[in-house]
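Here you'll find one protein chain in two forms, each presented separately as structure tokens under the names structure 1 and structure 2.
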Structure 1
């Protein structure tokens, strides 16, 4: 039996606002269920509908057909501020989430506006959780790329949303900083029930997601685990997806599926021990 539905799309159709009275369709009769507790990665080429799907869930875009439910409540015609009590979106550009004079003020803002009890102590917990101690009095716009990402994640989960949406959370980060952000994403599980990430970062997908939804031309081209998607050569070629290097290298060297550095290292050491034992 599946867990309760966190997000449900029923025959949803949506379009971009175009020019000269032409509004290109993005989704045409989309059906999709995302269940409570899932960590979902949305992947696909540019224009596939990843960001549009996130904006539909949080109410920034309204469909022209179908119904959308979040946590069992229909939000099809609700305003974004009404859905904000159970949905939060972390933007691709962290700067768009900074409106206060300091990191601490930005994290406190939503809780303060909604009169959350003990919001200051909760903000301090988030500052500790995302390794922002010592930065709380600084202007968030002046932080490094990784620090800004961590600050935006803290803002995103300040209200303990049931559904957390993230748009390209590791874009434009170096390897070390990306690793920090992936670790931060893993720690979010204690604060939110369901997380959905739109990304081009296949290493993030491999290390973090337990379900992968492939979008192509506004349709679901594939839906499965990381290994199921990375093994589907037809889908990979059709959508133009390349599995992460560590996955490809693991298959070539060991004939096994390695989704993260630890799995690769474990296999390497095992192979080394077997060779030395001969």
Structure 2
């Protein structure tokens, strides 16, 4: 039996309001199932529908056809504040998530508004968990890039969502900040059941995701593990995806799947030993 579904799209159609002609269709009869516990990466070029899909899941935009279920409950026509029980979206630009006077205030906000008991102590836990101690009284907009991202993740999981959505969590980050965000992502995944990340960062896809969904022109062009996707030359070509450099190198030299430079170096050493042993 399949694990229970976290997100289910049945024949979902969505469009944006057009300027002069017809309304541009983003999805036309999309079916999609995401199971509890999955770490899903959503990839595809600009305009493929990644962000629209995230916004449909959290109810920010409504489909004109089909049904959407989250954690078994139909949310198709529910207001976003009702779906917020199950789903939370962390924006690409963390600054869009800061509305209060301070980091602590921002983290408390959603819990306080929903009159969650102990929201103060829960906020403190989150501040601790995302290494924001000492910064809680600062204006979040004045933090460094990495701190802002961590604060936005803390806000994102404050309501304990079963499904966490993240839009480009690693875009434009330097090494140190990226490492911080990936560590935070991993610690989040021990808290929330299901995480869906829309990203162009193929290294993140390779290191983090256990399922990859490729969107192309509003359709699912491929669905599988990252190595299955990276091996599918037809999809890569059509959608314009480039696997991490080291993956391509490992494949061309050894026909093997190397996901980071260390794996490549280890493989090179093994191959070399085999040659030397002959």
Partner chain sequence: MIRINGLKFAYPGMKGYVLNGIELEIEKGDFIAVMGSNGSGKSTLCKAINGLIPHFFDGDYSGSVEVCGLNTVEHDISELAMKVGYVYQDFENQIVRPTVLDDASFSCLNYAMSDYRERGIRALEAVGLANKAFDYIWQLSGGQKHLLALAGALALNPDVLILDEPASQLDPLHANGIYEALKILNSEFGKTIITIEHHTEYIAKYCKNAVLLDKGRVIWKLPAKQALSRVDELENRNIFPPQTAIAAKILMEKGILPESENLPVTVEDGVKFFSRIKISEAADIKNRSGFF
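Numbering follows the first chain given and starts at 1. Between two forms, the rigid core is defined as the largest C-alpha subset superposing within 1.5 Å. It should be emphasised that the depicted structure is a prediction, and the values quoted were computed from it without experimental measurement.
Structure 1 is taken from the form predicted alone, while structure 2 is not.
Rigid-part rearrangement between the two structures places its hinge, out of 34, 244, 187, 71, at 244.
Superposing C-alpha atoms between the two structures shows the smaller rigid body rotated by 21° with respect to the larger one.
The two forms line up on their rigid core, and residue 260 then has its Cα shifted by 4.1 Å between the two structures. The two forms line up on their rigid core, and residue 250 then has its Cα shifted by 3.7 Å between the two structures.
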